[in-house]
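What follows is a single chain, given as structure tokens, in the form predicted on its own.
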């Protein structure tokens, strides 16, 4: 299994929309075939439309706030020794996370499709918050499906969604987390697709949603590759790009422009509580291929092959599956995947927020944990870049409870 050079990763599928012949696809009910086909054709047209691209770039700059900062973490580097540590502070984007790119593009597509309603799913609340913001910006009515458990633990983002005028639908089935929110959102869309546009919040689901999300967040790496060249004069020979991985949207955006370089791509999954057998790390723990939300992927399963239970302190990573694109990258050996426990993520959050003027959410804190582990083992000529893709404000209640204090 190989990654083709010079071809966008999102287009490296066969006629059945499978990456590497086995990941992704469109495993959907017959009722969704036409709306999926229509959206696929529309997006294929829009991504080549100069007027649409100009409109996208305008809103990325003047609404999202591109480019987001690229900074050296001087204090953390000095504290750990070894590699030079940098951060792409995507949390400085409007709304506090990378989800704003996907939300903005989906709202622009909805307008082009003549839809007045948009629905979405959310776990950490960032996808929902950003979609509610973008919907308000572009005059669309918005409905967000969110697990009842996540509504309780991500209160700040829930409040933000309501302020933006979105209707929040609590999902009380299953684990009451992201996986169930995605399921309920897709069920709603099946019944209302003629009038409603669906925005899946990550690089999961039927192929077209994977494509739109990865294409949208690729803005992160378009900026980063220019910022790196400005900082170093070139792309460093020994460079690691670290990103947390749940559904996988921020990592795909962070890595997109570096596929044809020598940069090492490292994804960090949610290892769950230290003394628990539950986790949200299918790639790290050798999970088998299964079908989830319309796509084939490595997925946490029980002994009977049913979707298994997961656990993570991070709502945004608490998902039993993983983007088919990440499955493809893993099997092609283009990216390496590991995991960090809840406790390691909290420890990383505390150290980074203490030493630097950034306060990462619990999702990128998993990636910072790996940076903290790796840096002392490397040379000062090595470079580690972490995607600080979300702000910790949404996690303040969890952090206060677990650590006794909160730094922002």
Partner chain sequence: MKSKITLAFEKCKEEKRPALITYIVAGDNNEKNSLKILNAISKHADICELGIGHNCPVADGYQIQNSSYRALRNGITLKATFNIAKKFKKNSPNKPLILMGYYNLIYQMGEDSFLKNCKTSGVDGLIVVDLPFPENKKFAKKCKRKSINFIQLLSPTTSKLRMKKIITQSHDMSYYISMVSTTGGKLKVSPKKILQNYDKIKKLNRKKNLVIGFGITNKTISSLKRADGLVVGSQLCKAITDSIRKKQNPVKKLNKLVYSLKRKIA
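Keep in mind it's a predicted model, so treat the numbers as computed, not measured. Numbering follows the first chain given and starts at 1.
The same protein has a further form, the form predicted together with the partner chain, not shown here; the description that follows concerns it.
State the residue from 333, 277, 234, 303 whose non-hydrogen atoms include one within 4.5 Å of the partner chain in the predicted complex. Checking each option against the partner chain in the predicted complex, the one that comes within 4.5 Å is 303.
Please identify the residue among 173, 167, 75, 285 with any heavy atom within 4.5 Å of the partner chain in the predicted complex. None of the others qualify; the residue that does is 173.
Quick check on residue 293: any heavy atom within 4.5 Å of the partner chain in the predicted complex? Residue 293: contacts the partner chain in the predicted complex.
Answer with yes or no whether residue 380 is in contact with the partner chain in the predicted complex, where contact means some heavy atom within 4.5 Å. Contact with the partner chain, no.
Consider residue 184 of the chain shown here, and say whether it contacts the partner chain in the predicted complex, taking contact as heavy atoms within 4.5 Å. Yes, residue 184 is a contact residue.
Taking the partner chain as it sits in the predicted complex, is residue 28 near enough to touch it, meaning that at least one heavy atom pair lies within 4.5 angstroms? Yes, contact at 4.5 Å.
If contact means a heavy atom within 4.5 Å, which one of 33-41, 354-362, 338-346, 64-72 is the stretch that engages the partner chain in the predicted complex? Comparing against the partner chain in the predicted complex, the contact stretch is 33-41.
When you measure heavy atoms, are 194, 289 and 307 every one within 4.5 angstroms of the partner chain in the predicted complex? Checking in the predicted complex: 194, 289 and 307 are all within 4.5 Å of the partner chain.
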